[in-house]
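What follows is one chain in structure tokens, specifically the form predicted alone.
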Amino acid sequence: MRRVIAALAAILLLLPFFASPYITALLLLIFMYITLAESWNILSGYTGYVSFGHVAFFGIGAYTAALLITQKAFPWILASLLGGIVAVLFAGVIGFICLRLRGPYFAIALLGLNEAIKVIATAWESLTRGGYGISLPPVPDLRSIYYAMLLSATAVVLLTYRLASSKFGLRFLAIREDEIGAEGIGINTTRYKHAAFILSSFFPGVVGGVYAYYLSYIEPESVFSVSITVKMIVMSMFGGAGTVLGPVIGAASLALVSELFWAKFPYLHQVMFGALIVAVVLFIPGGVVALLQERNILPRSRRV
């Protein structure tokens, strides 16, 4: 297994030197969606608090990085990291309010919060240029973006693995299964929910900043789009929410399938993609990881 991982790592590290710009761009977007899906999974998959507004952290990171790059001449890597930190600070404050809600009330509150931030970004023209958007310097080399996205995806997967194999992460699962029962055995559920919320916000903020630099242009509709949150949710559930590999499998496979459908069926690809998702939810409710575990291809372990 270690040899397979080492070989895969070597291939991914060397690939940009041999692949076409199209393949490099496709892979960096896959790494971005792995990061987003896995980050959503840390909160929603492990604690059961389903977020419909996780794209807010992505958008906050994108705007933070864009403003630092264009107005303060920050290097894009540093600006993206600061985008993640600003997203964490925002999550730390807003978590005290939103995590008092449960179930659909929490999900709807975050959805409304994201829409409110999008309206603010649109209206605050003196800072964000509103609907005109922010133009950034063009990217000289895709390889730097590729490695940044790869590093982000690797880091969040390793973080999730550590959580899944630790007592800290086990408390997340206890909250998901029975929050009242978890409180009854002495778990400070407020503390752990808040921790999950903060942990799940950093990497979306970082890749939001990298994505802004990659596109060289952002505006509120593109980086606060609910469709990005939907992709996080669908990719995580497709692979298997509450697992380490689920979001990785879901993001990689659905991104590739979506690209294939778009190339082969440009007018029907959204319909076909939606039909595929419905079929998976109906026939594989536990996701691809659960199916592989049933067939003994993957071990039945919370570390997977």
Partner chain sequence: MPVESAVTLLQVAIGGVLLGAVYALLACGLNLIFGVMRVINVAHGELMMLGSYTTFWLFFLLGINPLLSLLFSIPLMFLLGMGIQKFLVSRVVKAPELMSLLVTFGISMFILSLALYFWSADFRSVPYFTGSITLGSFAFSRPRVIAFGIAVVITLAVYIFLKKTKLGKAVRATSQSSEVAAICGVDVERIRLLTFGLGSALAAAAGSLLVVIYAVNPSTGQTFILKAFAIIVLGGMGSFLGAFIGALILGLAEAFTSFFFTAQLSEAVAYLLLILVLLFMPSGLLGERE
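Residue numbers count along the first chain shown, from 1. Everything numeric here is computed off the predicted structure, so don't read it as measured data.
Keep in mind the form predicted in complex with the partner chain is missing from the figure; the text below concerns it.
Judged against the partner chain in the predicted complex with a 4.5 angstroms heavy atom cut-off, the residues 82, 85 and 92 are out of contact without exception. In summary, among the residues 132, 105, 168, 217, the only one with a non-hydrogen atom within 4.5 Å of the partner chain in the predicted complex is 105. Proximity to the partner chain in the predicted complex, defined as a heavy atom within 4.5 Å, singles out one entry of 100, 162, 191, 72, which is 100. Here the chain stands by itself, but in the predicted complex one stretch of 137 to 145, 121 to 129, 181 to 189, 194 to 202, 121 to 129, has heavy atoms within 4.5 Å of the partner chain.
Among residues of the shown chain, residue 237 is one whose heavy atoms approach the partner chain to within 4.5 Å in the predicted complex. Within this chain, residue 271 lines the site of the partner chain in the predicted complex, having a heavy atom no more than 4.5 Å away. Looking at residue 226, you'd find a heavy atom of it within 4.5 angstroms of the partner chain in the predicted complex. Using a 4.5 angstroms threshold between heavy atoms, residue 252 stays clear of the partner chain in the predicted complex. The partner is not shown here, but in the predicted complex the stretch 228 to 259 reaches within 4.5 angstroms of the partner chain through a heavy atom at 230, 233, 237.
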